[in-house]
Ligand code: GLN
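Just one chain follows, in the form predicted alone, and it is written as structure tokens.
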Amino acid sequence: MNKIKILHMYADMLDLYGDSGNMEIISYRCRMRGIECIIDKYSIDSPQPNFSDYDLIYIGGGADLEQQHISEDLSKCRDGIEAAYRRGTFLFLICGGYQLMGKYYRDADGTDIPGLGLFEYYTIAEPNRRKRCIGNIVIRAQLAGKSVDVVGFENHGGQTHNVKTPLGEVLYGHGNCTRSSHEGYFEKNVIATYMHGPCLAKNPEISDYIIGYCINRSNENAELQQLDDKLEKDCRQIMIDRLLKK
């Protein structure tokens, strides 16, 4: 039996807009395929695990206050997370989790919250707290050589700069900055995005990209069984057509 081992970090603090639901969706889609899915949780002052033991590390979204609370503890995990990333562990990062993997996050008061510096981007919040990137968003991403239109919900005051490999092109909404052309950050084993919702509920292709990557770490010939995603795709298409006014 194929198996995926996941570490969900700060689930008790970083769960804006149902972001923890992403792990429920991964678990469900694994279960439907007979893939064993083990989800461990880590929070502030928990004993540090061996991060490299995991196929997937997940960090959800949180407001400035939550990011400040976890930043010191997260910095203690830096070496372990970086080692896991370098060895191929997948990083799935939403909003605050996305920001904290960069160089730093400067909040609306001008206070710098150090990031782990795994990636070269950085985030600066709008001083005016009412100026936010908020609303539905549609992006066009390339996953495993296929073009996929992805739908989500964004709500962030932070403006993320110096993203060299974005997740996708913005078709509707804001993206990494106010009215920017691209959203998120992407590598073979990293997906970072501002999309809440939870993101995976609306976009089964992203779920399966992550699952497929994880099971192929130990079984290079593994193929994912196709699931019936007609309902999810039909609902997403209605939203896309409405937003893009096709």
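For every residue, the number given is its place in the sequence shown, counted from 1. Note that this is a predicted model, so its numbers are computed, not measured.
The form predicted together with glutamine (GLN) is left out here; the points below concern that form.
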Heavy atom to heavy atom, is residue 92 within 4.5 Å of glutamine (GLN) in the predicted bound form?
no
Contact flag, residue 76 vs glutamine (GLN) in the predicted bound form, heavy atom cut 4.5 Å:
no
Hey, in the predicted bound form, does residue 152 get a heavy atom within 4.5 angstroms of glutamine (GLN)?
no
Residue-level contact is defined here as any heavy atom of the residue lying within 4.5 Å of glutamine (GLN) in the predicted bound form; does residue 67 satisfy this criterion?
yes
Which one, 134 to 142, 114 to 122, 94 to 102, 162 to 170, holds residues whose non-hydrogen atoms are within 4.5 Å of glutamine (GLN) in the predicted bound form?
94 to 102
Which of these residues, 202, 196, 182, 29, gets a heavy atom within 4.5 Å of glutamine (GLN) in the predicted bound form?
196
With glutamine (GLN) left out of view, choose which of 16, 224, 23, 11 has a non-hydrogen atom within 4.5 angstroms of it in the predicted bound form.
16
Can you list, in sequence order, the residues from 59 to 91 that come within 4.5 Å of glutamine (GLN) in the predicted bound form, counting heavy atoms only?
61, 62, 63, 64, 67
